[in-house]
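Form predicted on its own, single chain, as structure tokens, below.
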Amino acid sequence: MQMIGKAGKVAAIAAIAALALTACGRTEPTTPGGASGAAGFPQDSSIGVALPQKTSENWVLAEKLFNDGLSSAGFKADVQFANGGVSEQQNQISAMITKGAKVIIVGAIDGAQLGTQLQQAKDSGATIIAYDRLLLNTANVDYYVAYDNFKVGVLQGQALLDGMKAKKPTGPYNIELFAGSPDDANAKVFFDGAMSILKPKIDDGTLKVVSGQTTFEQAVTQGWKAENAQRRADTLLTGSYTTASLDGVLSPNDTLARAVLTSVKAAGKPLPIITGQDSEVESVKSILAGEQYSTINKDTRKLVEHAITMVKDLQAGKTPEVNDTKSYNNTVKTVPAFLLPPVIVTAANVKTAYVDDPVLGPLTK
């Protein structure tokens, strides 16, 4: 099934365009089964938060923020990581239902594999909020809270072009493409956002993907694992860059960017312009050192804060605020979303981008 984003772009199932935030006010509650405000529930109710594996610093931070924020608001926080995989996450959500969770916030490992548990949750009367990653192929999701992930890809694609041009004013440029894990609904959204910028330049010859691996399926990194990205980078360098120079790499996040840079260093080759995402500590240090070119600041504190605001609204019987009601079709329904704006970070703004961040701020002074 195809989906059309705001700019009229048609993409595959998970490539859900969200190019700009649209201003929408609070909506009226709808009938059961749609996005709805709750009738309200006791303030000390259990709130479930099902998170995926600890594949990035942001997920680890989210665990603490949800525990602290929900508890300080008077709720019983039940925050779980599914480091054992999809089946563990399924079991965790079922346990949250058994404990009487009024709201379940889900950062899915695989957004298409939770249909049975989400049905059980809705049958129990719980409200479901998809966190960061859209829940697919189900009517049993009420809201989505995330950063504008198509825009993340757009920023990454443009940063790659800008970085290469600053280093070498005229092309053509040799590049390689990396994508995230195919079981993460966001991975193709990031990739498609970037390719909306890069593909026209590939078509006109400004960019050359020397390996010929230009599709999402060819670029994926299973599990977002650094070792998988490094292994593929090793293969690409050996097979396609014995004589050619590698000018740039599209990397969807910081962990994979550092893995690719490790591979390039081991091969004794000049470092390419490389993108990232998540503002991980080591990548911010790498930007300051002039190695990684860019990252994306998606402040986890703000994302968790808005998810908890939604819970508070539901507890009070209010309909949570959304600002996008058109872009996020999960093949069964269009999920009302609240999107936050991502921010590109390079050496040009790294010293100001994190001024209010308690961890990253001190690093950049």
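Everything quoted here is computed from the prediction, not taken from an experiment. Residues carry their position along the shown sequence, with the first being 1.
A second form of this protein, the form predicted together with a small molecule, is not displayed here; the remarks below concern that form.
- Among Asp247, Asp148, Asp192, Asp278, the residue placing a heavy atom within 4.5 Å of the small molecule in the predicted bound form is Asp278.
- Checked against the small molecule in the predicted bound form, the candidates Asn58, Gln315, Asn330, Ser327 yield a single residue with a heavy atom inside 4.5 Å, and that residue is Asn58.
- Though the partner is left out of this view, Asp142 does not reach within 4.5 Å of the small molecule in the predicted bound form, counting heavy atoms only.
- Taking the partner from elsewhere, Arg133 is found to have a heavy atom lying within 4.5 Å of the small molecule in the predicted bound form.
- None of the heavy atoms of Phe75 is located within 4.5 Å of the small molecule in the predicted bound form.
- Interface residue remark: Gln117 is not counted as part of the site for the small molecule in the predicted bound form, having no heavy atom within 4.5 Å.
- Heavy atoms within 4.5 Å of the small molecule in the predicted bound form are found in exactly one of 168-176, 235-243, 283-291, 182-190, that being 182-190.
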